[in-house]
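Just the one chain here, laid out as structure tokens, in the form predicted alone.
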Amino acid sequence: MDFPSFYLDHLAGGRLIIGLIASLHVLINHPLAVGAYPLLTWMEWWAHKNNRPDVDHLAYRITFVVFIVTTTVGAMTGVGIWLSTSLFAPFAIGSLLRVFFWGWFLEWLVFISEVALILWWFLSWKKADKPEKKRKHIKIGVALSIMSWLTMALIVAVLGFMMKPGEWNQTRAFWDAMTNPLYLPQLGFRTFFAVMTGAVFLWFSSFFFTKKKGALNPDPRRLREWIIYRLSHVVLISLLGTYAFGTWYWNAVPETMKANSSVALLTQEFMSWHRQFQTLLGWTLIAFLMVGVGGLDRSSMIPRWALLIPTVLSIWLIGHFERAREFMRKPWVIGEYMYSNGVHKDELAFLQSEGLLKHATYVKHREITESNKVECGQDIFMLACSRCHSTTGLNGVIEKLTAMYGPDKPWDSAGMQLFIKGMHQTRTFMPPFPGTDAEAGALVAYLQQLRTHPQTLPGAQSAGIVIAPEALKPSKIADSQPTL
């Protein structure tokens, strides 16, 4: 909690940026790196074994695309996740770094190995023109596939931990964090999902790379039938594994988080469409099944345009899964340990008794008076609300309160204060208010002024860093802080 707030009011504080970068990274990492690398290595091996230079050339052309995308956009979005989380959620990423230090260190070594291997594999492909060289080249692809999967396997431990830390909440042990209850089901789900979407990406690529005849591709139709037929097996087996591990994963998710699913899958505004959305999700999986079964028996009759359908559906599924997973864990950023506003579970009661302002560093005032009430409310909004809400922008509090009270009706300050103190009971995705009654009143005063005088709330990057003049007395809050 105790960091200067880098805040972008029109983007709900900045969390949208984290979500977009992370979703784009997963969209590249899963199908292209984890899923496509082993399939392309298998294509190269099969082409070598069966003397099919057209298959080898197709694998090389697809690898060129994967190589460019993963080493540019994929790598940059990976760095972007670190940058954006450090700016917008330093309390969360700081805790995760302390818990998973050796895991992150190992992941960094694996990632460096992965980058070196993809460079070596792609750039040496055409030089592997003899059987012995080709066998060595295929081994590079095998090593690359393993490293790509290991990268995901290490990151999945962190993602599972953020939803359900399990025994770690009692032991604070590194291995308990790594082997959290969601680790294995989520790893299995993501592995099969990555292979399935990787196969779909190869389908998509063959749409473009099997159009015309060439010296190494004398029969494009035959080549397209080959890849559709064989990858249909991969899609169907992976679809079965995705469903099996996905069911296990869902059953392992805490019940309190499952209760958020109707909002997580859509939004509060459209949560009444939850059942229709589930139907749409079912038809999406059926579409994968139909194309896969059709490819097994009638690969020659699958039109080229049909290969684009699973690709679009894959993008939609990956993006929506990441959004839903992120939302479902609310009100936590780390389950049963840290709330989404950066307040530790163990310090909540202390702050509700002592107050946020008294123990926060980057505020204007420590005590609330009638003359500074609105300014204190602004600081409390920044401390307690700004991680998820804006003032007048995306997910803005003024819009939410207007929808609750009605556009032309007055806001009752006493009622608003009661709502703020108990909102977590009716909206389970909201964390409890981590302040005193007086601080809740100051927040209401700020919101009331914001309604009549809408104004964008600046972050520390533009307003500067302000520290209250009184000397901070950290002894009590330090004693109450949980030890990582």
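Note that the structure is predicted; figures quoted are calculated from it, not measured. Counting begins at 1, following the sequence as shown.
Keep in mind the form predicted in complex with heme C (HEC) is missing from the figure; the text below concerns it.
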property	result
In the predicted bound form, residue 431 touching heme C (HEC) (heavy atom, 4.5 Å)	yes
Non-hydrogen atom contact residue 427 with heme C (HEC) in the predicted bound form at 4.5 angstroms	yes
Any non-hydrogen atom of residue 404 within 4.5 angstroms of heme C (HEC) in the predicted bound form	yes
Partner proximity in the predicted bound form: residue 419 to heme C (HEC), non-hydrogen atom cutoff 4.5 Å	yes
Complete contact of 384, 397 and 400 with heme C (HEC) in the predicted bound form (any heavy atom, 4.5 Å)	yes
Segment assignment from 63-71, 32-40, 48-56, 419-427: heavy atom within 4.5 Å of heme C (HEC) in the predicted bound form	419-427
Answer option from 138, 154, 368, 388, heavy atom within 4.5 Å of heme C (HEC) in the predicted bound form	388
Answer option from 340, 191, 85, 77, heavy atom within 4.5 Å of heme C (HEC) in the predicted bound form	340
